[in-house]
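Here we start with a single chain on its own, the form predicted alone, put down as structure tokens.
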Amino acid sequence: MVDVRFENVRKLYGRKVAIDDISFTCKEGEFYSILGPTGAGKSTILKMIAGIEPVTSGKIYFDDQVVNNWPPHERDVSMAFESYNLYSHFNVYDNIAFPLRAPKWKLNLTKEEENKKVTEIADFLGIGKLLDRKPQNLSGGQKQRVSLARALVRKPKVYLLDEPIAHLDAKLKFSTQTLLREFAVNYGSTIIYVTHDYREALALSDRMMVLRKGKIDQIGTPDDIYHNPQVDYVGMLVGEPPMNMVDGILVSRNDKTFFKSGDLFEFELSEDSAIKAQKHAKNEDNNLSVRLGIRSEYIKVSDQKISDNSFQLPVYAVAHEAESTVVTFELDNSFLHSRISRGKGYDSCRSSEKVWLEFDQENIYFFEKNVEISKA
């Protein structure tokens, strides 16, 4: 296993910038996820690590060795893709065993050694009873687990997993996530994992990177990414509902600072919140404009006034879920969502009812405006 390090790496396809001068390190034995939307450059990073795509500029290191010019077979990586790429004329056993037999890896395993490795990983992923089947006789979820088993059966320097469980149903996805995490811990494997699903990244990762348009928005632990987003995009990408983003201005009165959202509401900021807000505020049209972020679980809803810092809004919609209720309010250019745990707040409100809201100021964030927000 190795550390994998990018140093000012840039990748161009013609004039199009796919990866824009990024630097990061995946440490040996770390489960490192790359999270971002389609087109962010996630798969391009894996292909450059594997040597499938050349680097335009910058350096990729395995430990302290620059591997830019190493051919793929010298990098000793194992890769699984969203697409299955199974050999239709091989059965499941032979598909999984294929990397063990490849001359470039020079493993020279005996039949007994090969059988042990194949059956071990197949049983681990719950496909041990499918070893005699051909791919055409498998479900999509079974094919994806066979593809994953083929990537995991060998012990390379680093595993590169590109949306490897995207086609599994919810139940299988959860169980396979658990197995992947167990695999990483048991084998001390260096894993770089690409996904567009924030739930996977939060559940699996030791650390994760949020990538957008070829640039890094934030790197941190899952806890950092969820609870301390550094830019508005990260807050909006991670969470269900996403972090609420409310655009407004800062207003000073009587040595106090208020956050004002159009003509809808305003409330006094605590001293700490005011300092944070002023750090990110920009002068626009003679006003100090700022974007406020708050997760839905930190907005109280009541049929009575909560405090002098609470304000009223009419309910736009109410959605009752198994363990909580999501109450939605309409703002000028977005929606505001409050998630109320069952039995821990006013979860019986109705559409059009005017209720009281209050933001937990210990869990308010302020951002510069990097992305557009809308009601879509």
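Given the structure is predicted, the values throughout are model-derived calculations rather than measurements. Quick note: we count residues from 1 along the sequence shown, nothing fancier.
One more form of this protein exists, namely the form predicted together with adenosine-5'-diphosphate (ADP); it is left out here, but the text below deals with it.
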property	result
Contact flag, residue 43 vs adenosine-5'-diphosphate (ADP) in the predicted complex, heavy atom cut 4.5 Å	yes
Heavy atom of residue 18 within 4.5 Å of adenosine-5'-diphosphate (ADP) in the predicted complex	yes
Residue 54 within 4.5 Å of adenosine-5'-diphosphate (ADP) in the predicted complex, heavy atoms	no
Contact label in the predicted complex: residue 37 to adenosine-5'-diphosphate (ADP), heavy atom within 4.5 Å	yes
Stretch in contact in the predicted complex with adenosine-5'-diphosphate (ADP), which is absent here, among 329-337, 307-315, 64-72, 43-51 (heavy atoms within 4.5 Å)	43-51
